[in-house]
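As structure tokens, one chain now follows by itself in the form predicted on its own.
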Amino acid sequence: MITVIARRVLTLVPVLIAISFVSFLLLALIPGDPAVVMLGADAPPQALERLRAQLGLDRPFLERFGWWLWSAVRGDLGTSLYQQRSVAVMVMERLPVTLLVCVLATIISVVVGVSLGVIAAIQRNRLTDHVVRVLSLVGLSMPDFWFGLILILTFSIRFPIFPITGFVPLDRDFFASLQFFVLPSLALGLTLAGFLTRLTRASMLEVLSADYVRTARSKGLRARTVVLRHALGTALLPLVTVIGLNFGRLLGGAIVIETVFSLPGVGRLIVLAINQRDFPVVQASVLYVAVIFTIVNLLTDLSYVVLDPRVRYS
């Protein structure tokens, strides 16, 4: 197992380098000059040239990427062009907010999606099944940012249950801060739950028709025991991969959701940094998100050993 983990970690290195190169290239192709954005369009040409030289913008693209990559390997992700602070510190200050939103959204999507999928499979072609399938289709078709706006209008404006302003930092009062995460997590989690519901239903229907499930029923076991002990464990195996892959989708969706709900997370930091052409902040944020996503996928692959004893890594 240790050999497998080490091998997988080594394969992540070229992936992270490729992601860093693509994001660096895309940032270089963004219209606009950071020097002009910082000093203004009326700044003297000499001042613009000095600032470009100070920021390294006058050097070739590959040279700039090489210096950034070498610095990143040594743990130096650069300094913010606007705030003159360590980029790594800025990202780490906001990372807990983004991770908490994504983790809560994942829990909501799994609980709701798996529960409704199992119910729909047991009640196949009945009224309950049709209702669940319609609800899952609604969740699949609804953009998470639009659903977030509906939640704000309903539970923050029409019925002021959850606040949308005056965010309390997690390190100041964790439980008071949690109320600001309810609506964003619901907006992300319920839209993903629609997909998990349909996948769970299809997987459960396939497992329930298997020979070993029919054998368990013929032994006189209760329906609940057959479903929960014999069928559900096998049906969940395809969901593990989907949940791991969709965690990356949640990280991407957090960029929009944090903007909608004014959460001080990494997503909102990326949007602000792009508008300000603060390239070191964007580059570091993308790298952190990529690292988290690759780690989640690694844990997803390794979890098959626990969920399915037939799986063995050599």
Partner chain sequence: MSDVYVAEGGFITHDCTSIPRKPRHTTNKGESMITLRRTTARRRWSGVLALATLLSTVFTVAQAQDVLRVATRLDIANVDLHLTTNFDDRLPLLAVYEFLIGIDANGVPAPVLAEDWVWADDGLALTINLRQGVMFHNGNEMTSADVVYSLERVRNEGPRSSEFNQVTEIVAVDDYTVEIRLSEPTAALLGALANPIAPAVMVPEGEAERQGGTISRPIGTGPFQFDEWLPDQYLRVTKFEDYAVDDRPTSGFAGRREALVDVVEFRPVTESTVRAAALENGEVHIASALSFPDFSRLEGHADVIVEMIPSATFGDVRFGFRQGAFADDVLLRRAVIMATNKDEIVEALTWGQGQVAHSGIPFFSPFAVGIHEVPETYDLEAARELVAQSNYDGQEILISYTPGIWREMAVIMQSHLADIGINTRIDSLEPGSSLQKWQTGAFDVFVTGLSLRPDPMNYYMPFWHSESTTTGYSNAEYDRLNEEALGETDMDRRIALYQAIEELRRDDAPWYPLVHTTETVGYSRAIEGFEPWSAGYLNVWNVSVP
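Residue numbers count along the first chain shown, from 1. In this text the structure is predicted, and so the values were computed from the model without any measurement.
What comes next is about the form predicted together with the partner chain, which is not displayed.
- Query: Heavy atoms within 4.5 Å of the partner chain in the predicted complex: which of the stretches 66-74, 280-288, 31-39, 246-254 has them?
  - Reply: In the other structure, the partner sits against 31-39.
- Task: Heavy atom within 4.5 Å of the partner chain in the predicted complex: which of 234, 241, 215, 156 fits that? Just give me the one.
- Result: That would be 156.
- Answer option from 125, 84, 209, 141, heavy atom within 4.5 Å of the partner chain in the predicted complex: Checked against the cut-off, the match is 84.
- Task: Spell out, yes or no, whether the shortest heavy atom distance between residue 179 and the partner chain in the predicted complex is within 4.5 Å.
- Result: Yes.
- Message: residue 55 versus the partner chain, in the predicted complex: is there a non-hydrogen atom within 4.5 Å?
- Response: Because no heavy atom of residue 55 falls inside 4.5 Å of the partner chain in the predicted complex, the answer is no.
- So in the predicted complex, does any heavy atom of residue 59 sit within 4.5 Å of the partner chain? Residue 59: no contact with the partner chain in the predicted complex.
- Message: Quick check on residue 161: any heavy atom within 4.5 Å of the partner chain in the predicted complex?
- Response: Residue 161: contacts the partner chain in the predicted complex.
- Query: What residues of 161-180, in sequence order, lie within 4.5 Å of the partner chain in the predicted complex by heavy atom?
  - Reply: Residues within 4.5 Å: 161, 162, 163, 164, 165, 166, 167, 169, 172, 175, 179.
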